[in-house]
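One chain comes next, on its own, written out as structure tokens in the form predicted alone.
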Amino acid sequence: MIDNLVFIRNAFSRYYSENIDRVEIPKSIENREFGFTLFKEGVMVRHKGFMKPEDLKDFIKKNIPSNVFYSAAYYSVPEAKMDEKGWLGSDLFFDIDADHIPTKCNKKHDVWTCRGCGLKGRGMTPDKCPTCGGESFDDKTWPCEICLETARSETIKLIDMLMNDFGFSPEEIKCSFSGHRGYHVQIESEGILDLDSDIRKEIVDYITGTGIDALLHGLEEVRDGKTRFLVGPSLDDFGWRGRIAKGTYEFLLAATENDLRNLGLKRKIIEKILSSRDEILESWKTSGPWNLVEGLGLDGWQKILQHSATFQSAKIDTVVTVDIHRLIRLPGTLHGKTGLLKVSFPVSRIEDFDPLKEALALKGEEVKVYVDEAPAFRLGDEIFGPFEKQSVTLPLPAAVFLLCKNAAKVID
């Protein structure tokens, strides 16, 4: 058997020696901190600074890191200790990762093991081990079509908010595939550089819909003499009012009897909603459906609107955005968990970007590996696996992908 890390490092070395100019140099490189994980040590080396692009590229070619990161922040002295760097500002950064989004496929291909008691489970890694209460886990996650499509959907919602609610232009928004299971969105604008963590937390709360109350976004009971009637948000309203309306429309368009029952609605009201669905949906063209369902008052509509609002929020990693000192993966570099490339692309391409094709970077001869266990996965136009305790000859990108996942071993 050839040592896996040596094989992966050699593959990464060939890529960087032949494609170093694909590494994207961040704006104001002299003010950025850089960090690297190295194959040999397996630890993070950070607080590195580079004055010129050539210096960074030479460092990567010489040291062959498994991962390359740079700071979202700008510093006076990037190589100093954190409290001595001299923070000048930070880009606004968002991380959308399937690891933080529950999907039906999680239990099919993601596995976690408690480091304390050895308990194994499938699906999303719990916060605490259900057996020993431990909080340290080894997990093995796989990027599949469902995971990546789910992450894409959340990214589309995020971009829509950034452009239509916050007013950022497409030119200010940088979008990237992370190289693993999600997307990164970065705002480079003078207007956001000096925002502190508290203000960034407010942005996060808006995007995730934290604290949204339907009664504060257009839903209310109005009196006209002795008559009482409801009014609510419109599909054309700006911001969260309009988003709540859109979410409600989409929910009612496809809601089942069970969906409505789970909201605590009474049987007669559920029957009325389902029998009047077409009329309810049509009513959005005028004053809305708020008074169409007999017996469905303010409390009932509030339940529906609150539930519908959850579909309009974007599921981002909240910690990443708030952290003004965050290190982020450098575009044009390889991901140590997959061997895939972090790829930047215009915002306009988010709908048709194929991460499992356009992030392929490694080239070389086929490799024979022994695979312990791996689900079926696609790279490019080919589907590989599933594999279980078998030897197989694979193209280099597929072989490195399994090796990076620690699911296979190279055979001489």
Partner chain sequence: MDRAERRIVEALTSNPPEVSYNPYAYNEDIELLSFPVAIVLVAALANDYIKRRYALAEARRAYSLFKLENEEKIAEIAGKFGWKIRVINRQIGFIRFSFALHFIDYLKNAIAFHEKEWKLVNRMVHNGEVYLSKHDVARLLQEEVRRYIESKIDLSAEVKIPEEILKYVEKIRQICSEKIKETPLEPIPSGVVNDAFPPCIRELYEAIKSGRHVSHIGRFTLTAFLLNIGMDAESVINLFRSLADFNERITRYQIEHIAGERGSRTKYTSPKCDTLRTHGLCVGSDELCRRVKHPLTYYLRRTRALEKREKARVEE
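Here the rigid core means the biggest group of C-alpha atoms that line up within 1.5 Å when the two forms are laid on top of each other. As the structure is a computational prediction, the values presented were derived from the model and not from experiment. Residue numbers count along the first chain shown, from 1.
Below, we refer to the form predicted together with the partner chain, which is not included among the displayed structures.
The listed set 293, 195, 124, 119 contains one residue whose heavy atoms approach the partner chain in the predicted complex to within 4.5 Å, identified as 195. Just one of 93, 183, 142, 240 comes within 4.5 Å of the partner chain in the predicted complex, counting any heavy atom, and that one is 240. Of the stretches 250-258, 104-112, 70-78, 132-140, only 132-140 has residues with a heavy atom within 4.5 Å of the partner chain in the predicted complex. Not displayed here, the partner chain is approached by residue 210 to within 4.5 Å at the level of heavy atoms in the predicted complex. The partner chain is not shown here, but in the predicted complex it comes within 4.5 Å of a heavy atom of residue 206. Residue contact with the partner chain in the predicted complex: residue 279 places no heavy atom within 4.5 Å of it.
Contact annotation: residue 164 falls within 4.5 Å of the partner chain in the predicted complex, judged by heavy atom distances.
Counting a residue when any of its non-hydrogen atoms is within 4.5 Å of the partner chain in the predicted complex, the hits in 213-238 run 213, 216, 217, 220, 222, 231, 237, 238. Core-superposed comparison between the shown form and the other one: CA of residue 129 displaced by 2 Å or more.
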